[in-house]
Structures are given as structure tokens and as C-alpha cells.
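Quick heads-up: it's one chain on its own, the form predicted on its own, in C-alpha cells.
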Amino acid sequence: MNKILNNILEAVGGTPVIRLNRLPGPEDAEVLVKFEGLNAGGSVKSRTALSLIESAEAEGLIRPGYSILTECTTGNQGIGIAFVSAVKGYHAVIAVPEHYGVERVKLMRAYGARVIITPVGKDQTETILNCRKACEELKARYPDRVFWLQQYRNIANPKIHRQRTAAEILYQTDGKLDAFVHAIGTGGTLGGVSALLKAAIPNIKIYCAEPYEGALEAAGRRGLHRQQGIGDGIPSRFLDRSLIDGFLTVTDEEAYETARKLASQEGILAGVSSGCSVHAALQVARQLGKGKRVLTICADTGERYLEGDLWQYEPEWDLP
């Protein structure tokens, strides 16, 4: 790394892989987490946002100072787009369902983005479609200026995770991995990382984790749930099911409990989707047993959940 970066976007990526010491059992496989809460911009979505925007730039589809970038998001992708847009000089308009965290909306606005709050639907699919409709209406209103980044469809999403995130994982682990586990939202991270890991480590097992109520890929469920950023109720275009060895479902309570244990027992303050991923990784670690190695990704920092109910609990210990 250069001693002085030209801008903060040069700090995107290069996040650490950390061994969990207290959550796995003594007979479980080793569990590693790649902690994207230490990424510039605060989440794994900084990688995706940079890729989406730079791909559009390379194709001559947008230009700073004129183009308005829009996206439908449950939070982190919107923050990532606002973050990158602030550096590059784009206007950002982000659509967010109304039941998602206020911290995320505040962060988008802090980076200079406009935010459109959209209504919750009868299920997760309708909620996301309401959000996407706001992007469509903005595009129809300003067709020459608005560029919809389309994280659910844009191949630049999984591409960056195949080229960089997975490459970092292979380097940091020396290619010694028995399983990769990750929760699915758009499927960009899971799809991109899985493609390279399967090619580089043919015997590796890949597992997809989903919220129980919104387990679309595993069970066709589209229910509302409290695990922000995953289980969006939209089938992933980036998930190659031939690469997936198994699906795991995680209840809201399990995701919340694991996120809290990550903070209180491992010192890793991460969000609810990370609780889902780590809970699933711990299940796989128990199945594989001692001598094996499992890796998952903690997608963001838990500081984005301070005003919600994730951290509204009393630690379970008393003074002597």
C-alpha cells in the first residue's frame, strides 16, 4: 500500500481474516471470519458499489457532476453508493424500505445522498418491488440523467467478489479451506466468491445461509424478517446452484444471539446478517469436526444497528 492514498477509495478491500476462539466448540472445525466492518465505507458493499460505478464509467454511461445514480437497497449498498459517489462527484438517490434502520438512512445522507423511503409490502418480495418502483419512477422522470445501477442484475456485482474478495481469501488462507459459508442477499458476494473458490479448491464445500422466514432459495419462502441486508425475496441471478453443496436457514433469534456473542465473546461488532452467516458457519464447523477449516464473511459493522433492538439487552453476568 502507498504511504499516502490519493483518496479513500484506494482503501476499499484488504480486510482481515480473523479466527474465532470462543464460539466454536473444542471438537469443531476452525472458524474464520473476513471482517468487512473494517472496510472503507464500513461494509462489503463498498466493494460492490465501486465496481458498479466504475463499470458504468468504463462504458461511458455516467459522468461526474451530471449523472444521478440510483439504487433500491435495504441499507449497506445504498451507503456504499453514497460513499463512492461522494468521492467521485456523483449525485446519489437511494430508495430504502421504511422498516429498515434509521442509522443507514442517516449515513447515506451524511455522504450527500437523497433518500426515498418506500412502504413495506405484504411480504419481502413486494417490499423490495415497492423500493424498485421508486427507482423506476425517478428514471422515468429524468431519463437523461438518472442511471440505475441495478445491483440485482449487474454482472459487475459478482465480478468484483470473484476478482478481489475471493482472491484475498485464497491469499490469506493459503488456499487451505474446507468450507465457505455465507448469507445471501443479491447473491453477488456468495456467487462471486464461490466461483473462484470452487475453481481453486475443488473439494471445498459451499453453503448458502438464509433467514428462516425468507428462505427463498432453500424453501421458496418470501416472508418478512428482521435480518437486514439478506433474504430480499428476489431470486438471485448470480447464484450458480451447481456450486452450492447445501442450504442452511437461520431464525431471527439465532442471528441476533450470534451477533451479540460475536461482540461480547470475540470482540467483533458486526450486524445481523453477520450473525446469520456465523451461526450457519458454526453449524458447518460442528458437522466437519476438528482439523477442518470454515470461513465466512461478516458483511458490516454493528455500529449501524445501535438505534434498533440488536444491542438492547443486558449482558448475562453479575458482579460478585
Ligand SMILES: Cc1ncc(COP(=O)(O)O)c(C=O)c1O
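Because the structure is predicted, anything quoted here is derived from the model rather than measured. One rule holds for the numbers: they count along the sequence shown, beginning at 1.
Keep in mind that the form predicted together with this ligand is missing from the display, and what follows is about it.
- Of the residues given (Ser85, Thr165, Gln228, Thr127), Gln228 alone sits with a heavy atom within 4.5 Å of this ligand in the predicted complex.
- Screening Val250, Ile81, Val181, Ile184 for any heavy atom within 4.5 Å of this ligand in the predicted complex leaves a single hit, Ile184.
- Ser273 belongs to the set of residues with a heavy atom inside 4.5 Å of this ligand in the predicted complex.
- Proximity of Asn76 to this ligand in the predicted complex: non-hydrogen atoms within 4.5 Å are present.
- When contacts are judged by a 4.5 Å heavy atom cut-off, Thr189 counts as touching this ligand in the predicted complex.
- Contact annotation: Arg47 falls outside 4.5 Å of this ligand in the predicted complex, judged by heavy atom distances.
- Heavy atoms within 4.5 Å of this ligand in the predicted complex are found in exactly one of 172-180, 228-236, 134-142, 215-223, that being 228-236.
- Along 277-296, a non-hydrogen atom within 4.5 Å of this ligand in the predicted complex is carried by no residue at all.
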